[in-house]
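Structure 1 and structure 2, given next as structure tokens, are two forms of the same protein chain, each shown alone.
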Structure 1
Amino acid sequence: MVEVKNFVQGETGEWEVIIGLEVHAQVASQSKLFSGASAKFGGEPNSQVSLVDAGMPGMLPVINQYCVEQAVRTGLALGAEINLVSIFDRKNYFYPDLPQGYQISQYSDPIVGRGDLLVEVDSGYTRKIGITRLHLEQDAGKSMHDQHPNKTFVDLNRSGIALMEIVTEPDLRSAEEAGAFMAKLRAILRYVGTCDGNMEEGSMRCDANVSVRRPGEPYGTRCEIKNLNSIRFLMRAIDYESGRQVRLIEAGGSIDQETRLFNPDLGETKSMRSKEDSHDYRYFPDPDLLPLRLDSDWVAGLRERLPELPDAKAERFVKHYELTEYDAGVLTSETERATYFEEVAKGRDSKQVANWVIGELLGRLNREGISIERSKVGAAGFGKLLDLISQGVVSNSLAKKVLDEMFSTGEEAAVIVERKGFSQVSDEKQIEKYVQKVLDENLEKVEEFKNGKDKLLGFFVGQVMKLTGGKANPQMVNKILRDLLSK
């Protein structure tokens, strides 16, 4: 790991940005943390609410063992300490979408303790980010301000849904590092199946604590930016907020500890309320829930059954498939990508597969904003396209056109090649006629080539491919061109 100094340049010198994240990840579970109500996304308002979720008098919470298991599996995947004894607390505050008047959470004794996450930053370095804890808590409901001109409605479908709050140390030093951390964390959660990571649906969101200081000085006053539901918004919010704090301090002002919201349309953070400290919530152990005690053998069994994680898979891809570290990292950044690649790579040139998946398929998916599992081009169909290239049926350039058709229609590659007449011309005599025609029409350039201007070979190849509509076998074109030009 390389020690990188990320400083922001202000009017009066350099500033260091200090960032800590609080990530709320919805536990992948059929039911809620303390009730049997459905945790499915997208139900009609208030259609998935039990008496416990609604805070009715006398209703007692009952812990969902599967949610506990999911939290422990996440902690193990993060290499963190698993606390065999943890306590649920009441976090007291009042808000319309919190029917109990408190949130059942964990504070001093969480289910998962300290851990570390290695993060690869696109700038070309790796950072170790400390994880303070992971605790289980129930989500609040949702206040709906856009249903009536002067009334606020409340939907309690989310009330009681199980969340894992993953809190980092203030180890992040730039928006880029924060974005890389979120991407890596989301990949791990998806690999182990403990959270689907769909930020647009609210099943994973993030609060960012941001402060600035002169290099080497104590931490400054932090502001918390709430409910960031995309990695891009997280990075934009951090960049704006750090710049705002630097400008304010340099102008002679001071930073108030407060909670702020990010407006993605304006690209700005706005003050929401003064920031509470832990004592403001009056935490105390929930009297309706006994301490949670885990069996060490049970935890060990969960550890043994963990799937192959992104770092281990990337290392295997480098060794087994002889990929570059970069390609292995891209392919293993999402479990669906890794599975797709391995299915296509069976019995094929793994480097060619990696180049086509990363350079062609992922490029198209990114432009359209589609995930690989939703692509119309399945692994089997993609592999058949690569087989057509290897068999000399289509050239690389024609294969890209075929992929465009597959991407939009879902048709098989062979069907598209037949329908479009994309079959590669590999008849030597036919190609020689095309090559001779190009040479006859460019006699001056032929002389230049023979006088040592070797780069003109690419020009001749391009003219032949243009003449044949990209159908000529490029290897044969090169060979025939060299033969004829050497005479």
Structure 2
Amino acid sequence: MVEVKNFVQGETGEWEVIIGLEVHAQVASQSKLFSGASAKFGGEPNSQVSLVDAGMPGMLPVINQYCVEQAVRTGLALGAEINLVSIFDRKNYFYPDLPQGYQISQYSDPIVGRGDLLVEVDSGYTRKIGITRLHLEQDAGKSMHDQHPNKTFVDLNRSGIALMEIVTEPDLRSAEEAGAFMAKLRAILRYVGTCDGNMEEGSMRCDANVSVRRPGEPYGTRCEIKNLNSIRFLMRAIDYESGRQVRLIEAGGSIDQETRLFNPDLGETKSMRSKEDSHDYRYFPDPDLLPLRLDSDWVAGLRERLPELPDAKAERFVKHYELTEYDAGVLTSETERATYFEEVAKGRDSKQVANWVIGELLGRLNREGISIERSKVGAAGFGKLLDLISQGVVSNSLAKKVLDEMFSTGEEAAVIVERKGFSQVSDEKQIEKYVQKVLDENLEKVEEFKNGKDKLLGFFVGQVMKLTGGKANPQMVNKILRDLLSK
């Protein structure tokens, strides 16, 4: 790994941007962390709320084993230490969407400790980002401020949903790195299936701690930008915030430690709370919950059953399928993509498959904004299309048209080829007739060719293809043309 310096230029010199992230990832569970209410997205107001989630008097939390398991699996996937004893603490503060008056979280003794994540940055280098910890905690409800001129509406459907808070060391040095980190983390969460990574629905969101310093100097004062719900917003917020801090310091000002919000419409961050309102959360161990003790054999079992992770998979793709690192990276960035590729590649030319999946299929999916698992073109059907190419039934260029058709209708490749009459003409006599016709109609050019203008071969091929609607087998057209022209 090369040490990449990532400095930004200010008026007075270079600045280094220091970023640490706190990512909230919703555990992909059916029910909430401490209650049996549904954790599904949406729902009528307060319909996915148990008496526990509503903070009714005398209600008690009972922990969801599945959520504990997913936190441990995520920790293992991040190569992190699993703490066999962890504690649930209460974080006390008043807010209408916090019905108990405290959030159950983990403070001093989280379930997962130190880990690392290797992040490939698009500009072509890799950085190792330290994971400080991962802990389990409850989500809050939702306050809506735009329903009424002087009232806030509170819906507790999200109250009590299980979140994993993943905290990084201040190891990130640019918006690009932060974006790449989020993408990689998201990929891993989706690989192990512990979080669906759906940022639009809020199942993954993050807070960014941003500060700037002159190279070699100690850390500057940081600001926390809250609740960034897309990678794009995260990157824009960091760029804006670091720029703001540099300009402020260069103008002789200083940074206040504060919480800020990013406004995507303005592309700006603005201060959220004043300082005198600083919180004292009075954390203490939740007396309703005993310490969480994990069995080391159980943890070892989870480790063994962990699926192959993106880095390992990419390495295997390079070795086994002889792909470039780039292609392997693209194909393994999502577990569904990798599975799709491997299914298609079974018994086929892996490089051709990689080219077609990356160049053709992913391109079309991206344009339409569809994920590969929702594509109408399944791996089996896609494989059959590639078979038609290698069997010479359809040409490369027509195959792309077939794929367009498959992409929108979901029909089988063979059916489309048949219906559209796309099958390649490979009958020698048939092709010979077409070639002869082209030569007969272009006697002057034939003469020129014979006088040494070799380039005209392409012209003749083109004419034959035009005549046959692209269906003639190009190799045969070439061969027959040469034969007839050399006569």
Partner chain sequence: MDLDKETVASVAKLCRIEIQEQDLTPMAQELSNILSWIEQLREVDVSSCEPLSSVVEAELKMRDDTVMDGDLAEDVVGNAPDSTNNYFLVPKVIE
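Residue positions are counted from 1 along structure 1's sequence. Just so we're clear, the structure is a prediction, and the values are computed from it rather than from any experiment. Between two forms, the rigid core is the largest collection of C-alphas that superpose within 1.5 Å.
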Query raised in the report: With each form of the chain shown alone, which structure should be assigned as the form predicted on its own?
Result: 1
**Report entry** Core fit, then residue 472 C-alpha moves 2 Å or more between structure 1 and structure 2
**Finding:** yes
Query raised in the report: Quick one: core overlaid, is residue 104 moving 2 Å or more at the Cα between structure 1 and structure 2?
Result: no
Query raised in the report: Given a two-rigid-part description of the chain, what is the rotation angle of the smaller part between structure 1 and structure 2, in degrees?
Result: 15
Query raised in the report: Quick one: CA shift at residue 440 between structure 1 and structure 2, core fit, Å?
Result: 9.1
